[in-house]
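Single chain ahead, by itself, as structure tokens, in the form predicted on its own.
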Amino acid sequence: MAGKINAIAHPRLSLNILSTADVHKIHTATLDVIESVGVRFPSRKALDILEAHGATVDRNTLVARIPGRVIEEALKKAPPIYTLAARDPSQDLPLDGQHVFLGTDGCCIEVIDAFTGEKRRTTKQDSADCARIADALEEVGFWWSMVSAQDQPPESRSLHELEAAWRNTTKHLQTESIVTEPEMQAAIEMAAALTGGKDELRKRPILSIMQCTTSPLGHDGGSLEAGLLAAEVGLPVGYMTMASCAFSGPVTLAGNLVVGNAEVISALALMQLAHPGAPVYYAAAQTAMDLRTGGYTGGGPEDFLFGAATNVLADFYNVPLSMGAFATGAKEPDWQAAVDNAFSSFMASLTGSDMLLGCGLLHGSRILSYEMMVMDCEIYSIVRKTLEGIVINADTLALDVIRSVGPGGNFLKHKHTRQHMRELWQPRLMDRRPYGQWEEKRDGARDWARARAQDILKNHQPDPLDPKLGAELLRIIASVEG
């Protein structure tokens, strides 16, 4: 059975990072950029839609300059609240602004083997394995396509990743790997087969779609057309900016926010112009270029600030947010990984990100680590408990209990302690042993996380797919492969 999803619900703590005036300045600057500079849409379909709604289109450069009023009116049609459905309805995720759900991360090309410890290329079996671990971990709310199934044909690789995941978890699936119309059409058929048809899929979208923008101020044509297909049948679609300070965005954080915001809301507006009322979400994983190497940092104060600020923007547009967190630049599950992932998840959660991407990857989302998946869940559990805050009422103030125990007494045996003791956070991986016990064994979090991952891979049995449905998924994939 899948692990019960344990989300951050109704957090008591919050963080105000941008004032109302700040948000309006960013919004106004964004509309200025979209209207005067334009955004590149390398898709005839997309350009036709935009031109029909008043955009000025250059067919040579593929740049569309879209009036700000068109963007604003389109975004008003996006639903502010909807549900990400799961194969198991008890695992459904309400995107209502009151929950923070943790997802995995993707889409890496290397894995640290859970049993040998060796780094190797990823395969379809790794898609199955990481889905099985996500299924078992209660902290994980949804599975995001974690690895590239490099042992499968390129034209159907993303579909094999989905098929492997649907066989190994009953939680909601989200993918960023589908970037062509044929793949998307097949993915829709697969999801419809599992739900009982396209009408049921619209009611219960068990698959959601992530697409990446091409910073600065651009989109990928295949991603746009795949997103339009998904939006047409009611699958939630998000567009993620990964604009990087000093490289694919201005060096200043505010300027980078403007570039990323222009990319995201121009794509979301396109979805609404084509299919009004389609569920969409804002997605971001902005960072700062490492000035020494020119590389993607995957951690640092800029990432943490972006994580908080982007959610304020998503709230302004009244759509859910999927925020890149946990994407540490560390090469192994170490001190750096813990610092990066603790700060990034905490800042994004404080501002109420609906979806946190995503646990389990290292080296800026390049390497899958099964032990990191387990360790990231421990970090998330700390954040979740912290955001619950402190409940103040007659029972929690415990005046009668204090009077009963009195000076010099002991609260351990009191029934009030028994009633509330399970509310205290208990670690799975944090080492609270006496020093002597640690000194004798000299093991710790990484050892225990690896052991837990191995145990899940050996023993956890997800709820199986009906064999006929499994065969139908493979048939659909084969039709794409020709």
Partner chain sequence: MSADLFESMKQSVIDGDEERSAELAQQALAQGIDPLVAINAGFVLGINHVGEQFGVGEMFLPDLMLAAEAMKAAVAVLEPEMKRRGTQREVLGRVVLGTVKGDIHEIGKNLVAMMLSASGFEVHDLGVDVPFQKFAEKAREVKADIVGVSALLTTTMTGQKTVIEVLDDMGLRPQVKVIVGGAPVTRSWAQEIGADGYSEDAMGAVALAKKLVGK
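Positions refer to the first chain, counted from 1. Predicted model only: the values in this text are computed from it and were never measured.
Heads up, the form predicted in complex with the partner chain isn't pictured, but that's what we're talking about next.
Engineer: Which one, 380-388, 302-310, 285-293, 197-205, holds residues whose non-hydrogen atoms are within 4.5 Å of the partner chain in the predicted complex?
Structural biologist: Careful reading of the contacts points to 285-293.
Engineer: In the predicted complex, which of the listed residues (T351, S148, Q174, Q211) lies with a heavy atom within 4.5 Å of the partner chain?
Structural biologist: It is S148 that has a heavy atom within 4.5 Å of the partner.
Engineer: Answer with one of D92, D220, E189, E232: the residue that has a non-hydrogen atom within 4.5 Å of the partner chain in the predicted complex.
Structural biologist: Looking at D92, D220, E189, E232 one by one, just D220 meets the 4.5 Å heavy-atom criterion.
Engineer: Check for me: heavy atom within 4.5 Å of the partner chain in the predicted complex, for each of R121, P154 and R366, yes or no.
Structural biologist: Heavy-atom distance to the partner chain in the predicted complex: all three under 4.5 Å.
Engineer: Is F247 a contact residue for the partner chain in the predicted complex, using a 4.5 Å heavy atom cut-off?
Structural biologist: The answer is yes: F247 has a heavy atom within 4.5 Å of the partner chain.
Engineer: Does the 4.5 Å heavy atom contact test between L412 and the partner chain in the predicted complex come out positive?
Structural biologist: L412 lies outside the contact set for the partner chain.
Engineer: Verify the contact flag for I109: yes if a non-hydrogen atom of it lies within 4.5 Å of a non-hydrogen atom of the partner chain in the predicted complex, no if not.
Structural biologist: Contact with the partner chain, yes.
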